[in-house]
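The form predicted alone is given below as one chain in C-alpha coordinates.
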Amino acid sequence: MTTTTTVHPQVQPLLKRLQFRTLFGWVMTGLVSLCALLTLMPLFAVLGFVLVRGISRFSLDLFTKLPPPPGLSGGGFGNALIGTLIVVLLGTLISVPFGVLTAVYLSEFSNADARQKEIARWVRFGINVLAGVPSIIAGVFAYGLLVTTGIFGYSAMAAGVALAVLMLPTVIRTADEALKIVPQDVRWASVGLGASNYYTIFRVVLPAALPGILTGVILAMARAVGDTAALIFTALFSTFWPRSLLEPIATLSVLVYNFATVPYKPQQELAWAASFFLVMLILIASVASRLVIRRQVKR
(Lines give C-alpha, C1' and ligand atoms only; values in the text may rest on other atoms or scores of the structure.)
Protein backbone atom coordinates (compact mmCIF):
# COMPACT_ATOMS: atom_id res chain seq x y z
CA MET A 1 0.00 0.00 0.00
CA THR A 2 1.56 3.31 -1.02
CA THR A 3 0.74 6.78 0.08
CA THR A 4 1.18 9.83 -2.03
CA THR A 5 1.52 13.36 -0.81
CA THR A 6 0.06 16.17 -2.76
CA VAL A 7 1.45 19.66 -2.62
CA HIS A 8 -0.93 22.54 -2.66
CA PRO A 9 -0.58 24.52 -5.90
CA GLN A 10 0.19 27.71 -3.98
CA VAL A 11 3.07 26.01 -2.11
CA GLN A 12 4.83 24.69 -5.20
CA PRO A 13 6.32 28.09 -6.24
CA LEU A 14 7.63 28.57 -2.71
CA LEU A 15 9.31 25.15 -2.76
CA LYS A 16 10.89 25.83 -6.13
CA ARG A 17 12.14 29.19 -4.91
CA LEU A 18 13.59 27.55 -1.77
CA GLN A 19 15.35 24.89 -3.86
CA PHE A 20 16.78 27.56 -6.14
CA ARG A 21 18.07 29.58 -3.17
CA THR A 22 19.64 26.45 -1.67
CA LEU A 23 21.35 25.58 -4.94
CA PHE A 24 22.48 29.18 -5.41
CA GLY A 25 23.89 29.18 -1.86
CA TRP A 26 25.88 26.02 -2.56
CA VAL A 27 27.26 27.41 -5.79
CA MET A 28 28.29 30.71 -4.21
CA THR A 29 29.86 28.94 -1.23
CA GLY A 30 31.93 26.82 -3.59
CA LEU A 31 32.92 29.88 -5.63
CA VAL A 32 33.99 31.82 -2.53
CA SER A 33 35.96 28.82 -1.24
CA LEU A 34 37.70 28.48 -4.61
CA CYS A 35 38.63 32.18 -4.60
CA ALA A 36 40.00 31.87 -1.07
CA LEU A 37 42.07 28.86 -2.13
CA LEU A 38 43.41 30.68 -5.21
CA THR A 39 44.32 33.63 -2.99
CA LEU A 40 46.37 31.41 -0.67
CA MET A 41 48.09 29.53 -3.49
CA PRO A 42 50.72 32.27 -4.18
CA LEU A 43 51.64 32.29 -0.48
CA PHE A 44 52.14 28.53 -0.35
CA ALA A 45 53.93 28.59 -3.70
CA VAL A 46 56.42 31.20 -2.45
CA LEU A 47 56.96 29.39 0.85
CA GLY A 48 57.42 26.05 -0.87
CA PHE A 49 59.74 27.41 -3.55
CA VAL A 50 62.13 29.20 -1.17
CA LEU A 51 61.98 26.22 1.19
CA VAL A 52 63.05 23.78 -1.50
CA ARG A 53 65.78 26.06 -2.87
CA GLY A 54 67.11 27.38 0.42
CA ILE A 55 66.75 24.70 3.10
CA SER A 56 69.69 22.65 1.78
CA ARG A 57 72.18 25.38 2.78
CA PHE A 58 70.93 25.72 6.33
CA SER A 59 73.58 25.03 8.94
CA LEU A 60 75.24 26.74 11.87
CA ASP A 61 77.90 28.17 9.56
CA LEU A 62 75.19 30.03 7.68
CA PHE A 63 74.61 32.29 10.68
CA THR A 64 78.17 32.59 11.96
CA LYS A 65 80.40 33.05 8.89
CA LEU A 66 80.99 35.70 6.24
CA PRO A 67 79.92 35.30 2.60
CA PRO A 68 82.49 33.35 0.55
CA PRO A 69 84.55 34.94 -2.25
CA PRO A 70 82.99 34.70 -5.74
CA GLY A 71 82.91 31.11 -6.98
CA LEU A 72 83.89 29.47 -3.69
CA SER A 73 81.49 27.39 -1.61
CA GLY A 74 80.80 27.52 2.14
CA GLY A 75 80.43 30.60 4.26
CA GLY A 76 77.24 32.22 5.41
CA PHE A 77 75.44 35.52 5.92
CA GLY A 78 76.30 36.23 9.56
CA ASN A 79 77.36 39.81 8.83
CA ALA A 80 74.16 40.47 6.87
CA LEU A 81 72.03 39.07 9.69
CA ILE A 82 73.68 41.31 12.26
CA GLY A 83 73.50 44.26 9.87
CA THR A 84 69.77 43.71 9.32
CA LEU A 85 69.15 43.64 13.05
CA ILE A 86 71.15 46.84 13.51
CA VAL A 87 69.43 48.91 10.81
CA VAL A 88 65.94 47.69 11.78
CA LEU A 89 66.65 48.47 15.44
CA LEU A 90 67.86 51.96 14.49
CA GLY A 91 64.76 52.52 12.38
CA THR A 92 62.57 51.34 15.27
CA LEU A 93 64.30 53.59 17.81
CA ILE A 94 63.75 56.59 15.52
CA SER A 95 60.21 55.88 14.31
CA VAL A 96 58.50 54.60 17.47
CA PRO A 97 58.87 57.74 19.66
CA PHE A 98 57.82 60.06 16.83
CA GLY A 99 55.03 57.74 15.74
CA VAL A 100 53.56 57.18 19.20
CA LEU A 101 53.70 60.87 20.13
CA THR A 102 52.02 61.78 16.83
CA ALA A 103 49.31 59.22 17.55
CA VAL A 104 48.85 60.68 21.02
CA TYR A 105 48.30 64.11 19.50
CA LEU A 106 45.83 62.80 16.93
CA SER A 107 43.88 60.76 19.47
CA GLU A 108 44.02 62.88 22.61
CA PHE A 109 44.60 66.53 21.67
CA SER A 110 43.17 67.02 18.19
CA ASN A 111 39.58 67.50 19.42
CA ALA A 112 40.32 70.54 21.55
CA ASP A 113 38.97 73.06 19.04
CA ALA A 114 38.24 73.51 15.34
CA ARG A 115 41.82 74.59 14.58
CA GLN A 116 43.28 71.44 16.14
CA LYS A 117 40.79 69.28 14.23
CA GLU A 118 41.86 70.90 10.96
CA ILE A 119 45.54 70.34 11.76
CA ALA A 120 44.84 66.71 12.65
CA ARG A 121 42.96 66.22 9.38
CA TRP A 122 45.97 67.42 7.39
CA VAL A 123 48.33 65.33 9.50
CA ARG A 124 46.28 62.20 8.77
CA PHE A 125 46.27 63.11 5.09
CA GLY A 126 50.06 63.41 5.14
CA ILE A 127 50.37 60.05 6.89
CA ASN A 128 48.22 58.39 4.23
CA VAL A 129 50.35 59.93 1.48
CA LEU A 130 53.55 58.80 3.22
CA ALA A 131 52.17 55.27 3.54
CA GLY A 132 51.80 55.12 -0.24
CA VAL A 133 55.28 56.42 -1.03
CA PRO A 134 57.45 53.69 -2.63
CA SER A 135 60.38 52.56 -0.54
CA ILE A 136 62.84 53.61 -3.24
CA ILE A 137 61.68 57.23 -2.76
CA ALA A 138 62.48 56.97 0.95
CA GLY A 139 65.90 55.62 -0.02
CA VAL A 140 66.53 58.47 -2.47
CA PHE A 141 65.40 60.95 0.19
CA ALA A 142 67.86 59.59 2.76
CA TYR A 143 70.54 59.34 0.07
CA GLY A 144 70.18 63.02 -0.88
CA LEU A 145 69.83 64.24 2.70
CA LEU A 146 72.41 62.13 4.52
CA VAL A 147 74.70 60.35 2.04
CA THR A 148 75.57 62.92 -0.63
CA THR A 149 75.85 65.72 1.94
CA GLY A 150 78.40 63.73 3.96
CA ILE A 151 76.38 63.85 7.18
CA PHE A 152 76.52 60.05 7.51
CA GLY A 153 77.57 58.75 4.10
CA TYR A 154 76.81 55.14 3.23
CA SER A 155 76.18 53.80 6.70
CA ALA A 156 73.85 52.02 9.08
CA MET A 157 72.68 55.39 10.41
CA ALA A 158 71.51 56.54 6.97
CA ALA A 159 69.78 53.18 6.49
CA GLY A 160 68.07 53.51 9.88
CA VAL A 161 66.67 56.93 8.91
CA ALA A 162 65.37 55.56 5.60
CA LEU A 163 63.68 52.63 7.32
CA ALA A 164 62.22 54.96 9.96
CA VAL A 165 60.49 56.91 7.19
CA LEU A 166 58.95 53.67 5.93
CA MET A 167 57.93 52.52 9.41
CA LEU A 168 56.33 55.77 10.57
CA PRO A 169 52.91 55.42 8.86
CA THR A 170 52.35 51.91 10.22
CA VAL A 171 53.35 52.90 13.74
CA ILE A 172 51.19 56.04 13.72
CA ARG A 173 48.10 54.35 12.31
CA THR A 174 48.13 51.37 14.66
CA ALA A 175 48.98 53.48 17.71
CA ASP A 176 46.18 55.93 16.85
CA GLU A 177 43.66 53.10 16.55
CA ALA A 178 44.94 51.45 19.74
CA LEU A 179 44.48 54.69 21.68
CA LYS A 180 40.95 55.13 20.33
CA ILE A 181 40.00 51.65 21.53
CA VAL A 182 40.76 52.57 25.16
CA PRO A 183 37.36 53.33 26.77
CA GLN A 184 36.65 56.96 27.51
CA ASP A 185 35.53 55.96 31.02
CA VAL A 186 39.15 55.14 31.85
CA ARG A 187 40.18 58.72 31.09
CA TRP A 188 37.27 60.17 33.07
CA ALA A 189 38.04 57.94 36.05
CA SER A 190 41.66 59.07 36.11
CA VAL A 191 40.78 62.75 35.80
CA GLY A 192 38.07 62.32 38.41
CA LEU A 193 40.66 61.03 40.88
CA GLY A 194 42.66 64.24 40.43
CA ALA A 195 45.19 63.16 37.79
CA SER A 196 46.28 65.71 35.22
CA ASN A 197 45.58 65.24 31.53
CA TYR A 198 49.22 64.42 30.74
CA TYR A 199 49.45 61.97 33.64
CA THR A 200 46.28 60.26 32.44
CA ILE A 201 47.60 59.90 28.91
CA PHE A 202 51.10 58.68 29.70
CA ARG A 203 50.41 56.62 32.83
CA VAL A 204 46.91 55.26 32.17
CA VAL A 205 45.92 55.42 28.49
CA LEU A 206 49.25 54.49 26.90
CA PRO A 207 49.78 51.37 29.08
CA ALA A 208 46.24 50.26 28.25
CA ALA A 209 46.93 50.68 24.53
CA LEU A 210 50.38 49.07 24.67
CA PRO A 211 49.41 45.71 23.08
CA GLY A 212 47.95 47.46 20.03
CA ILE A 213 50.97 49.75 19.75
CA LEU A 214 53.29 46.74 20.01
CA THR A 215 51.39 45.09 17.18
CA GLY A 216 52.01 48.09 14.95
CA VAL A 217 55.69 48.13 15.83
CA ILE A 218 56.03 44.43 14.95
CA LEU A 219 54.30 44.95 11.61
CA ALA A 220 56.48 47.98 10.84
CA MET A 221 59.62 46.00 11.66
CA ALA A 222 58.44 43.16 9.40
CA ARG A 223 58.15 45.61 6.51
CA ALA A 224 61.57 47.10 7.24
CA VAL A 225 63.28 43.69 7.41
CA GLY A 226 62.33 42.83 3.86
CA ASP A 227 62.97 46.19 2.23
CA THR A 228 65.75 46.44 -0.33
CA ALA A 229 65.43 49.66 -2.33
CA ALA A 230 65.95 52.02 0.60
CA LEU A 231 69.00 50.07 1.81
CA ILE A 232 70.74 50.02 -1.57
CA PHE A 233 70.87 53.83 -1.51
CA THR A 234 71.92 54.13 2.14
CA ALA A 235 73.57 51.05 3.65
CA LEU A 236 75.17 49.90 0.38
CA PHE A 237 76.83 46.55 1.20
CA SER A 238 79.88 45.08 2.90
CA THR A 239 81.50 41.66 2.97
CA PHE A 240 82.94 42.28 6.43
CA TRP A 241 81.52 42.20 9.94
CA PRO A 242 79.87 45.47 11.08
CA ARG A 243 82.40 47.69 12.79
CA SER A 244 80.70 51.07 13.02
CA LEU A 245 77.32 52.68 12.53
CA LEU A 246 78.97 55.19 10.19
CA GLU A 247 80.26 52.65 7.65
CA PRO A 248 78.57 50.62 4.89
CA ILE A 249 76.86 47.57 6.33
CA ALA A 250 75.54 44.29 4.93
CA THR A 251 71.83 43.42 5.10
CA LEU A 252 69.94 40.29 4.15
CA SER A 253 67.73 41.86 1.51
CA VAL A 254 70.65 43.51 -0.30
CA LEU A 255 72.62 40.26 -0.06
CA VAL A 256 69.77 38.47 -1.83
CA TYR A 257 69.68 41.19 -4.48
CA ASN A 258 73.45 41.02 -5.07
CA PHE A 259 73.95 37.26 -4.97
CA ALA A 260 70.83 36.11 -6.84
CA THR A 261 72.08 37.55 -10.14
CA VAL A 262 75.72 36.47 -10.07
CA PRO A 263 76.77 33.47 -12.24
CA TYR A 264 78.23 31.52 -9.29
CA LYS A 265 76.13 28.69 -7.85
CA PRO A 266 77.42 28.95 -4.22
CA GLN A 267 76.38 32.61 -4.08
CA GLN A 268 72.99 31.79 -5.61
CA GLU A 269 72.43 29.09 -3.00
CA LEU A 270 73.33 31.58 -0.29
CA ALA A 271 70.80 34.03 -1.74
CA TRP A 272 68.07 31.38 -1.63
CA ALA A 273 68.94 30.50 1.97
CA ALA A 274 68.78 34.18 2.93
CA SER A 275 65.44 34.48 1.10
CA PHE A 276 64.01 31.58 3.07
CA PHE A 277 65.25 33.06 6.33
CA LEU A 278 63.72 36.45 5.47
CA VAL A 279 60.37 34.85 4.67
CA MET A 280 60.45 32.99 7.98
CA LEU A 281 61.25 36.21 9.86
CA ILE A 282 58.31 38.02 8.29
CA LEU A 283 56.03 35.03 8.92
CA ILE A 284 57.05 34.86 12.57
CA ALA A 285 56.49 38.62 12.95
CA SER A 286 53.01 38.33 11.43
CA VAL A 287 52.08 35.44 13.71
CA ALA A 288 53.41 37.33 16.73
CA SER A 289 51.30 40.38 15.87
CA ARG A 290 48.21 38.17 15.56
CA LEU A 291 48.89 36.61 18.96
CA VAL A 292 49.21 40.06 20.54
CA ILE A 293 45.92 41.17 18.96
CA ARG A 294 44.16 37.99 20.13
CA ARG A 295 45.43 38.48 23.67
CA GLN A 296 44.22 42.08 23.62
CA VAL A 297 40.74 41.01 22.41
CA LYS A 298 40.47 38.39 25.16
CA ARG A 299 41.19 41.05 27.76
Partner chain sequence: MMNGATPQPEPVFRIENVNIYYGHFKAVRDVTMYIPKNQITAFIGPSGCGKSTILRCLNRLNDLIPSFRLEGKITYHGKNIYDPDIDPVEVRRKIGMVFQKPNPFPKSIYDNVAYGARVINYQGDMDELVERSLRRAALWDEVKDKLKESGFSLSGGQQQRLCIARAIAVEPEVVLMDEPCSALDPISTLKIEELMHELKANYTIVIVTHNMQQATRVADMTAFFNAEPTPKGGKVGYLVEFDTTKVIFGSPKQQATMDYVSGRFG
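All figures in this text were calculated on a predicted structure; none of them were measured in a lab. Residue numbers count along the first chain shown, from 1.
Another form exists, predicted in complex with its partner chain; not displayed. Remarks below refer to it.
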{"item": "Sole residue of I151, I94, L210, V204 within 4.5 Å of its partner chain in the predicted bound form, by heavy atom", "value": "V204"}
{"item": "Segment that reaches its partner chain in the predicted bound form - one of 76-84, 193-201, 154-162, 171-179, heavy atoms within 4.5 Å", "value": "193-201"}
{"item": "Distance check, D185 to its partner chain in the predicted bound form, heavy atom within 4.5 Å", "value": "yes"}
{"item": "is_contact(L89, its partner chain) in the predicted bound form, heavy atom dist at most 4.5 Å", "value": "no"}
